[in-house]
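Take a look at this single chain, the form predicted on its own, given in structure tokens.
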């Protein structure tokens, strides 16, 4: 696909016009307060793997409504003192996978907590966390419209709450330096990183080609999935667009970005037909903290891939010395 979105010079200053709902902050404060009524109960069980340079732990912690959420914690075996930690979130349809699937950050000398995504983990990598979703109404296959009838029942209310609790679980481990915690992810994981950075205190944020940003533009600009789940729902539920986008406004990465203070490294593919460049720039230009962007002019949703991995490594090294 050739460039289809705004010209680069317009992208650099593009902003979403719609403000956050007036009670956005109150809604999230109440949501997180309800989650914190449950003990975090973070557990880290050692797992035997064939890898000799890292130690892996099977993680369980209490997420939304106290429901158990799984993850992996990976630590460099040769470690002294408390380590900075990257809390990472997974792309759409994927799960936490297997112990030892995620060695990069620990190999750099950091602690790494990878959160499983509730109700996903069968599209391209295994998951182990169910989504207990009371009150969910009709939906298009996938999770983009699960519980879309209300902000209280919408799927990403539970997921973003889990993400904040994952940061808290990382900080609960005695070998993690709670003053040096980053959030990171690609696509859906990038959108979740923005949500976590906007909802809790972290030091660094690394959202690559982030999904879940500027829903109203994305759903009208591209017909690719997962955003096409929203358009398919509205094609059937005619006349509900104002209600649907009203709910989605509480989960828009643009509004979380406007509340985030952590230093951030974004990336974007200018031919990305899954997460259109203007939606990424809408979050980037709203971002309240120090921010940098890496641009991949001829890439689609794969973005910078291994090149961006090295950019992330350099960014972390500039801020942390493990």
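Since we're looking at a predicted model, the values are computed, not measured. Positions refer to the first chain, counted from 1.
Only in words, not in the display: the form predicted together with another copy of the chain, which the text now covers.
The three marked residues, 112, 173 and 204, fail to reach another copy of the chain in the predicted bound form, with no heavy atom of any inside 4.5 Å. This chain is displayed alone, yet in the predicted bound form one of 101, 177, 243, 168 has a heavy atom within 4.5 Å of another copy of the chain; that residue is 101. Checked against another copy of the chain in the predicted bound form, the residues 226, 91, 84, 127 give one hit for a heavy atom within 4.5 Å, which is 127. In the predicted bound form, none of the heavy atoms of residue 154 sits within 4.5 Å of a heavy atom of another copy of the chain. Among residues of the shown chain, residue 271 is one whose heavy atoms approach another copy of the chain to within 4.5 Å in the predicted bound form.
In the predicted bound form, another copy of the chain lies within 4.5 Å of some heavy atom of residue 297. Mapping the unseen interface onto this chain, residue 161 falls outside it, with no heavy atom inside 4.5 Å of another copy of the chain in the predicted bound form.
Comparing 232-240, 178-186, 206-214, 193-201 against another copy of the chain in the predicted bound form, the single stretch with non-hydrogen atoms within 4.5 angstroms of it is 232-240. The partner is not shown here, but in the predicted bound form the stretch 35-55 reaches within 4.5 angstroms of another copy of the chain through a heavy atom at 50, 51, 52, 53.
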